[in-house]
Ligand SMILES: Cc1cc2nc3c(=O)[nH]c(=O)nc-3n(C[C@H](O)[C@H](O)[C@H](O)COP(=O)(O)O)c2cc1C
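Consider the single chain below, provided in C-alpha cells and representing the form predicted alone.
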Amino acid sequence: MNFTEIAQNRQSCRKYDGTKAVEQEKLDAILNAAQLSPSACNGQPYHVTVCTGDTAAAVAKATQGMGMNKFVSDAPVQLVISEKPYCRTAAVGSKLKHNDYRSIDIGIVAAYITAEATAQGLGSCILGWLDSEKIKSICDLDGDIRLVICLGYASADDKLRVKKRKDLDELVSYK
C-alpha cells in the first residue's frame, strides 16, 4: 500500500472486533513507525505506553466520560501518548518563537501510528476526550496525557465511509 492508498483507506474506526487480538509483529511495526516520526530537534517529547488486557480496559473506561467513545471497549490495544519535556534546543525555540512544538510533534507521531496501523490492516481511532489524571494513575505516568489511540481489527460491518473534506482550492493557495 502506498501512502495515498493508506490515506484513502484510513478512517477513525468506530466498531472493533473484540474477539481478535493484535499480533505482536503488527504492534512492533506500528511502534517502529512511531520511532521514525520527525519531531522538533529530534527531541521526541512524548512517551507511548502500550496498554493491553485489563490495563487497556481501564484506559478505555477513562475515555468514556459523559457517554463518549463507547466503541473503545472492544479495541484490544490502547496507546497512551503522554508528554515528556522538550530537549533543550526545542525548549528554547518554543519560547523564542511562541510555538508549541510538543503538540505538533505529538500530532505527527499520531499520524505515523495511525498510518502504519492502516498499512498493517488494523483500525485505529485518535481520542482526545479522556480523563488525564485517571489514565496517569492507571499507567503510572507523570506527564500529561495528550491522546489515546485505540487499535484493533475493525468489525466486518465497519465499512469504509465516504470522506467528507473541504475542496482542495479551499485548503491550498499558490502565491
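All residue numbers refer to positions in the sequence shown, first residue = 1. From a predicted model like this one, the values you see are computed outputs, not experimental measurements.
Keep in mind that the form predicted together with this ligand is missing from the display, and what follows is about it.
Each of 11, 71 and 127 comes within 4.5 Å of this ligand in the predicted complex, counting any heavy atom. For the chain shown alone, residue 147 is a contact residue for this ligand in the predicted complex, at least one non-hydrogen atom being within 4.5 angstroms.
For residue 161, a non-hydrogen atom is located within 4.5 Å of this ligand in the predicted complex, even though that partner is not displayed.
In the predicted complex, no heavy atom of residue 166 sits within 4.5 Å of this ligand. Listed stretches are 115 to 123, 47 to 55, 128 to 136, 34 to 42; the contact stretch with this ligand in the predicted complex is 128 to 136, by a heavy atom cutoff of 4.5 Å.
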